[in-house]
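In the form predicted on its own, a lone chain appears below as structure tokens.
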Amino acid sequence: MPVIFINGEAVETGEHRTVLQAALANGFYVPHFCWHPELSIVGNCRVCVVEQEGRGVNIACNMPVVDGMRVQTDSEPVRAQRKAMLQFILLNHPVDCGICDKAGECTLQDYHYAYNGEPALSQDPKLHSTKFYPLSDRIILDNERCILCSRCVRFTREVSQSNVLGIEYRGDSALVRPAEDRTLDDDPYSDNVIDICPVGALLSRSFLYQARAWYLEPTPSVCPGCARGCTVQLWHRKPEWRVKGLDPRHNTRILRVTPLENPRVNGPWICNKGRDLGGALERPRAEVAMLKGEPVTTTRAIEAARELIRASGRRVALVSSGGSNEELRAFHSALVANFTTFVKPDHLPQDGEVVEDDLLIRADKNPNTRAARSLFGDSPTEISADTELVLVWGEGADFGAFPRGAKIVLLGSWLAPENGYADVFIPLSIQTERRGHYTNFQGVVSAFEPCCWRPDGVIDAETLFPLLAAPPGSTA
């Protein structure tokens, strides 16, 4: 195994690695724009330079390690070349950090202050370019901020393989543009280019001017959009930056969703459906328990459900494939003896949605089908005509298929016509209001954490199931 010396320190590194990879893996930070661990090497930003003993200054991203080589990552010649490169990169850049969505997360901003920090030396006026070029219904491009690192182009060619983006013209006229009049709407993974853009050139229309990066904090979570179970970060406003005098929902809204890198599940990517999780969580909530459409307290509804379970003969339960591992186990422990239980899909593919592909998207649009079937089996749902009680947990049940006269207990989180039709409706918390785990289709278990408060009157399913199994008259 080769040993190289970085800033005088011996580092053991693997075969077929570059100096940049070896440095980053061993705690030596080397600035870079165009290099990305999941993309091919192009070496066009020229910022990752290091000084190799006897060979001068060159880029580290394309420098193979050779046993015994010695490199300096922050010598005077290296800092001088980085400063010159930043002067060149910023030649026509507007340096409009005050209004840029990337401010606070922009590596160009960081490197400018670390290695340059001086006004442009050029006496010529900056060249202007397009400011709000529409790449899709989701993304706009600010060409004045673009540094032509080509990460976005390589992503569409090498990862999503939509081949939507290219670079046209040359020199200071070069522009990132869609190829052959296509748009990024053709790419179900398009929003990843926003994350990997090292500057504020590629911007999300939904997040544009919504918040500064330092107003927000991430909560680790799992995308419930399909059986892949991609790990994500849910970005919401920090408590110290809560706004007053406006709609209080501004303080609990999920303002953006980004990937939480997980090599076992999704790597550093997620699909656009996962990005839209924040909007999906803003559906109208069900926060009031009901008996045949009449509002009651949650305690009264639990007692009524308990009485129905006790008084009914044949009972069938349709279990949610979106329940967490903890909730599924709670149902199994408390209620499985009382019901003939089937697992149902809460969600099916929608019109226009990519059903399945070879990258991340799975045909099963539910996050925890594997865990549910491991507890309750995978038999197709059969509700016989003599069924007296149907307990429905979650969405996706066909109430028209239930036997006439059967009582219905519905446990759900969203406003829906079925809530008022059920004999008993009990509102449940949603994923962002509790912690838990999902098991994806490969058997990988991922955790999610709460980032919002549970509304009054809403109960966690894990808490509810033991209460439903308790004797009548027990305290809920």
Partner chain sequence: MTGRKVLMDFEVTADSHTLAAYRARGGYRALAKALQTMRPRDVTQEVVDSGIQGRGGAAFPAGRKWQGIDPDDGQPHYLIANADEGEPGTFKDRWVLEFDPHALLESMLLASYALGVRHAFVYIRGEYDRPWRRLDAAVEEAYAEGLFGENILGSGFACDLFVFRGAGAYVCGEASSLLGSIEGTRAYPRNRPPRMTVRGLYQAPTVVNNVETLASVAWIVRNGARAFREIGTEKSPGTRLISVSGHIRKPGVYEVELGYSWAKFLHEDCGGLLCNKALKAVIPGGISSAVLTGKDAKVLTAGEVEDLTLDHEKLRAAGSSLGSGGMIVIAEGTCMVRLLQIMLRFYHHESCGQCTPCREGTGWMHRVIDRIVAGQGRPEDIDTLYHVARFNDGTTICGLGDAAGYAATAMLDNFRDEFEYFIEHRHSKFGGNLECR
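Computed from a predicted structure; not experimentally measured. Positions refer to the first chain, counted from 1.
One more form of this protein should be noted, the form predicted together with the partner chain, which is absent from this view; the next part is about it.
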Non-hydrogen atom contact residue 122 with the partner chain in the model of the complex at 4.5 angstroms: yes
Would you please decide whether residue 62 lies within 4.5 angstroms of the partner chain in the model of the complex, comparing each non-hydrogen atom pair? yes
Given that the partner chain is not shown alongside this chain, does residue 172 nevertheless sit within 4.5 Å of it in the model of the complex, heavy atom to heavy atom? yes
Look up in the model of the complex whether residue 44 has a non-hydrogen atom within 4.5 angstroms of the partner chain, and give yes or no. yes
Among 99-107, 264-272, 222-230, 77-85, mark the stretch whose residues have heavy atoms within 4.5 Å of the partner chain in the model of the complex. 77-85
Taking the partner chain in the model of the complex, would 92, 147 and 168 all count as contacting it (heavy atom within 4.5 Å)? yes
Interface residue in the model of the complex among 311, 127, 355, 280, criterion: non-hydrogen atom within 4.5 angstroms of the partner chain: 127
